[in-house]
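Below, in structure tokens: the form predicted alone, a single chain.
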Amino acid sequence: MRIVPLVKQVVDVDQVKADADGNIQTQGVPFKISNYDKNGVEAAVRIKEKNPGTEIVALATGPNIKEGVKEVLAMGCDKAFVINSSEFKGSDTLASSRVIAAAIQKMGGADLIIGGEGSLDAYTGFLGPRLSMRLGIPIVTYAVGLEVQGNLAKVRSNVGGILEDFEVPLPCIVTVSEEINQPRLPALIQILQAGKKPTQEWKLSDVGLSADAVGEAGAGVKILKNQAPKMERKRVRIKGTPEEAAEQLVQALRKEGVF
């Protein structure tokens, strides 16, 4: 069985700041593997531990992904194919799904494709369904439980607090939520071994595509601007004794609907 976890490198959103006008500043912000994708890798590794002979092949995209993919190799992926996203800047999930579908077909297909329910930067949740359509295989989203028995993927999905259990024939796609597991922290020896695992870098031309088909020109949505909402303090000043101040604070919070 071959499992392909999808891995995306994104800006560390915890370090993104906005200037006085609300313009998002990403210059100098480091990149990281999307948190939800780590949940997908962890799910793949747990399946492999119960199914000897399973191969885990990470398919990773990002601006400096060849270096970043070492993290998921250390977690337990056997090898990786990487595509530098600088070749298709401005892509959305429509364009990116073309790249990933072409790459999966080039590697000879997969029995189980696992992705995050959304990426940490955009969180559209569209990539998995688009990929399902392109590859012509079923998908289950928002998985909080996943195992493989024979030729079936058994998936527990949580959508809006409603739990549903599915049995899906392989090959299929499963997108996971962060509730599915706690991604492991690789040991030092695993981190050192990750650099020795096979990693092959592909250009768009290697998967039969061009930047015109998958870059900004191939996107269905064009982002015009990213801007943070304007936040203003109300500058309410409370005076009086501690008892009076406490009463005023409670009344102010009630007025704002806090409680």
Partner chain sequence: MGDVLVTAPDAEHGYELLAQAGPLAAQVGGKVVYAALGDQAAQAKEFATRGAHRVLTCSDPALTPYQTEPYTEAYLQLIEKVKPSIVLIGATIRSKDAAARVATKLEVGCGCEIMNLRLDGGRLTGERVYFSGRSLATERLLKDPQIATVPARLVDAPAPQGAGGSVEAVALKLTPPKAKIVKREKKESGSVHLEDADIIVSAGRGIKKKEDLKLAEDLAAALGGQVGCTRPIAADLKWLGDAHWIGLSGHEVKPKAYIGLGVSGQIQHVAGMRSSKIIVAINKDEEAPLVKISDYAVVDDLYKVVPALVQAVKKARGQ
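Here the rigid core means the biggest group of C-alpha atoms that line up within 1.5 Å when the two forms are laid on top of each other. Bear in mind that the values here come from a model prediction, so they are computed numbers and not experimental data. Numbering follows the first chain given and starts at 1.
This next part talks about the form predicted in complex with its partner chain, which is not shown.
Peer 1: Look at the candidate spot formed by Val45, Phe81 and Asp206 and say whether its partner chain comes within 4.5 Å of a heavy atom in all three of them in the model of the complex.
Peer 2: No: none of Val45, Phe81 and Asp206 comes within 4.5 Å of its partner chain in the model of the complex.
Peer 1: Can you tell me which of 227-235, 58-66, 196-204, 45-53 lies within 4.5 Å of its partner chain in the model of the complex, counting heavy atoms only?
Peer 2: Partner-contacting stretch among the options: 227-235.
Peer 1: Give a yes or no for Gly150: in the model of the complex, does one of its heavy atoms lie within 4.5 Å of a heavy atom belonging to its partner chain?
Peer 2: Contact with its partner chain, no.
Peer 1: State yes or no: in the model of the complex, is some non-hydrogen atom of Leu94 no more than 4.5 angstroms from a non-hydrogen atom of its partner chain?
Peer 2: Yes - in the model of the complex, heavy atoms of Leu94 and its partner chain come within 4.5 Å of each other.
Peer 1: Residue-level question: is Val140 within 4.5 Å of its partner chain in the model of the complex, judged on heavy atoms?
Peer 2: Yes, Val140 lies within 4.5 Å of its partner chain in the model of the complex.
Peer 1: Please determine whether Asp111 contacts its partner chain in the model of the complex, using a 4.5 Å cut-off between heavy atoms.
Peer 2: Outside the cut-off, so no.
Peer 1: Check each residue of 142-177 against its partner chain in the model of the complex and list those with a heavy atom within 4.5 Å, in sequence order.
Peer 2: Counting only heavy atoms within 4.5 Å of its partner chain in the model of the complex, the contacting residues of 142-177 are Tyr142, Arg156, Ser157, Asn158, Val159, Gly160, Gly161, Ile162, Leu163, Glu164, Asp165, Phe166, Glu167, Val168, Pro169, Ser177.
Peer 1: Quick check: Lys234 between the shown form and the other one - does its CA shift reach 2 Å or more after fitting the rigid core?
Peer 2: Yes, because once the rigid core is superposed, the C-alpha of Lys234 moves 2 Å or more between the shown form and the other one.
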